[in-house]
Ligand SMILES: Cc1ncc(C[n+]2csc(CCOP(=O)(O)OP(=O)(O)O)c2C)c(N)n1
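Only one chain is shown below, in structure tokens, and it's the form predicted on its own.
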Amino acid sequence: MQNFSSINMKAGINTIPLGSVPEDTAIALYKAMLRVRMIEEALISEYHPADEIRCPVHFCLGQEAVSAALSFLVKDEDYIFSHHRSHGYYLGKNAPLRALFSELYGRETGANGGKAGSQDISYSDKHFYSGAILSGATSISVGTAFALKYKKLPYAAIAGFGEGATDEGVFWETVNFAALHSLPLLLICENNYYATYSPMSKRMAVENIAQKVGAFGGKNHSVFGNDILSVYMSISNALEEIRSGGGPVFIEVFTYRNNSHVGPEDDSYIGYRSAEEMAFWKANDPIVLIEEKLGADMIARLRPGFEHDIKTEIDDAFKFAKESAFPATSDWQMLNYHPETPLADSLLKEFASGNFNQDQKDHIPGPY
């Protein structure tokens, strides 16, 4: 299977034709990607110089296809777990924009009361959770998938992560366990080739992750992640198979991050990506490609109205966030302990550091 991140960039990339999905579906997917793009660009423009957003933010410009496809394919009862590049997946689970912006601004009306920020934002009413622990999305999702199967619920657990997460041993434990128990789990690896600044070629002897996943017995597919139609069809087919009891599916989505690893600042000065490479991927940007398929006349007719609607929504979210109050002084005890778990909280409070045996040679005494 060809790795789109290491192809001859002069050769170009083939995508599937527009007729592969209904035209109204293609238009809806286009608007969904445009919405994610405009939201991210608006947040980038507001981050500095105001400095009112005080949390680290990992933007997803260039990687909008997966979240756009998911927004039309997930059920409310499905679970999505995301890595730290969370905004697209949050929007893909159709969680409210006002709550996203308020969370980034640290306001009490945020999705998590202004206490989680971008990397760890969640919205439990929509069954969406993100986190900064590398490969955490995979290990939590497999437990959720196990629970769904155990309870005989007809839903899916979905994990979105980068290829850097596959450098972690827990990822392969997840793949093995999911395949062994035929769990309703969709693993989506957005392979943008770089783990922060480290290319795959410096980290893996064999770069084809999907092929390696197949060795564990799970179904696996590779897809060009900047072709929204290919992504949509691939995820749609995978979820249909999973919901019919077919077991887990792994999709390796070859895509590219147009922005810096973290924050709105440009990190190209580091020199980890060539100008030629970046120019190639911007020419094969997912929004550029779908606009080419839909045609200049249709885009000229549709895009102004789409942009107006999205900008209105963004302006409302900014206004709501900035006018919302900051959280009241927190009860830090309640952020760490809970009255419904007295035994666990007692262990957390009472375990003394003096009881810890650094040599691990003897039994460690403690209140358990």
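Every value quoted in this text rests on a predicted model; they were computed, and no experiment measured them. For every residue, the number given is its place in the sequence shown, counted from 1.
Beyond what is shown, the protein has a form predicted together with the named molecule; the following relates to that form.
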Open item on the list: Give me the residue from Val142, Ala165, Ala156, Leu104 that has a heavy atom within 4.5 Å of the named molecule in the predicted bound form.
Closed with: Ala165
Task: Answer option from Phe224, Trp281, Tyr79, Tyr194, heavy atom within 4.5 Å of the named molecule in the predicted bound form - done: Tyr194
Task: Touches the named molecule in the predicted bound form: Leu134 (any heavy atom, 4.5 Å) - done: yes
TODO: Tell me, yes or no, whether His261 is in contact with the named molecule in the predicted bound form, where a contact means a heavy atom of each within 4.5 Å.
DONE: yes
- [ ] Consider His84 of the chain shown here, and say whether it contacts the named molecule in the predicted bound form, taking contact as heavy atoms within 4.5 Å.
- [x] yes
TODO: With the named molecule left out here, work out from 294-302, 69-77, 186-194, 143-151 which stretch has heavy atoms within 4.5 Å of it in the predicted bound form.
DONE: 186-194
